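In the form predicted on its own, a lone chain appears below as structure tokens.
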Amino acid sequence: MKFNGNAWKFGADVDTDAIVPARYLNTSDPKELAKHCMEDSTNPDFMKKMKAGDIIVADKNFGCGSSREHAPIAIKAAGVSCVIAKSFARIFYRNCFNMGLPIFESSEAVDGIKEGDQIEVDAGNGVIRNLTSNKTFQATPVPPFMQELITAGGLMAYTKKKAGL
């Protein structure tokens, strides 16, 4: 599985309220949540400017704050192909896999990517290429089971597939 898109940079400690503001949590409809993705972040025009397949690149502790599933659902439904960060809040990390949102940890990649750079991520081997600067970075390996969750589309889809439903 490979992802290719433009980089959108965000800083450290982006919390789940910046990813999808609490005032929109009266719905669990992915399309509705996507409309408000990153609305309260440092780039409130993110949804107006990003294109399907683009990649969020963030500093440390991305997804901190409340442990709601709405945040990875909003990111995925917005069309973001994956998220690269120096680190993720642990509950957000697990919620991403449960919802089928690919995420990768790599401090070097975050430091070596600028907003607007064209990025390619090979999920199978964790290689991140900045096509703009022609630099390559390695992400922390994702365990095979977690890769299966992403490939299946999340925990529920994985469970249905395994149960033959």
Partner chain sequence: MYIHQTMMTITEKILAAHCGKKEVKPGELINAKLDLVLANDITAPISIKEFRGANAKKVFNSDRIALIPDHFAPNKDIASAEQCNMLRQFSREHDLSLYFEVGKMGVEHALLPEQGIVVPGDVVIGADSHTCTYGGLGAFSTGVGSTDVAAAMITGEAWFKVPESMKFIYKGKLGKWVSGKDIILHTIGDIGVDGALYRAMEFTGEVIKKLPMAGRLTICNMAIEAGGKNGIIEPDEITEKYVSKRAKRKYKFYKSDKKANYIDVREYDLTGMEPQIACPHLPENVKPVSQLGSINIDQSVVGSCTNGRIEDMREAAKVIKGHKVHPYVRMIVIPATQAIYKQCIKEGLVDIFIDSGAAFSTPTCGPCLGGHMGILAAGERAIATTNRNFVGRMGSPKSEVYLSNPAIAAASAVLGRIGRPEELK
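Basically, rigid core = biggest C-alpha set you can superpose within 1.5 Å across the two forms. Positions refer to the first chain, counted from 1. Everything quoted here is computed from the prediction, not taken from an experiment.
This next part talks about the form predicted in complex with its partner chain, which is not shown.
- Residue in contact with its partner chain in the predicted complex (any heavy atom within 4.5 Å), chosen from Thr132, Thr136, Asn43, Asn98: Asn98.
- A heavy atom within 4.5 Å of its partner chain in the predicted complex is found for one listed residue only; from Gly126, Gly112, Gly65, Gly53, this is Gly65.
- Proximity to its partner chain in the predicted complex holds for none of Met1, Asn4 and His36, with the criterion being a heavy atom within 4.5 Å.
- Contact check for Ala77: no non-hydrogen atom falls within 4.5 Å of its partner chain in the predicted complex.
- Although the partner is absent here, Glu69 is a contact residue: one of its heavy atoms lies within 4.5 angstroms of its partner chain in the predicted complex.
- Taking the partner from the other structure, its partner chain in the predicted complex has a heavy atom within 4.5 Å of a heavy atom of Asn61.
- When contacts are judged by a 4.5 Å heavy atom cut-off, Ser87 counts as touching its partner chain in the predicted complex.
- Contact residues in stretch 139-165 (any heavy atom within 4.5 Å of its partner chain, taken in the predicted complex) are Phe145, Met146, Leu149, Leu155, Met156, Thr159, Lys160, Lys162, Ala163, Leu165.
- In the core-superposed comparison between this form and the one not shown, the C-alpha atom of Ala18 has shifted by less than 2 angstroms.
- Core-superposed comparison between this form and the one not shown: the Cα of Trp8 travels less than 2 Å.
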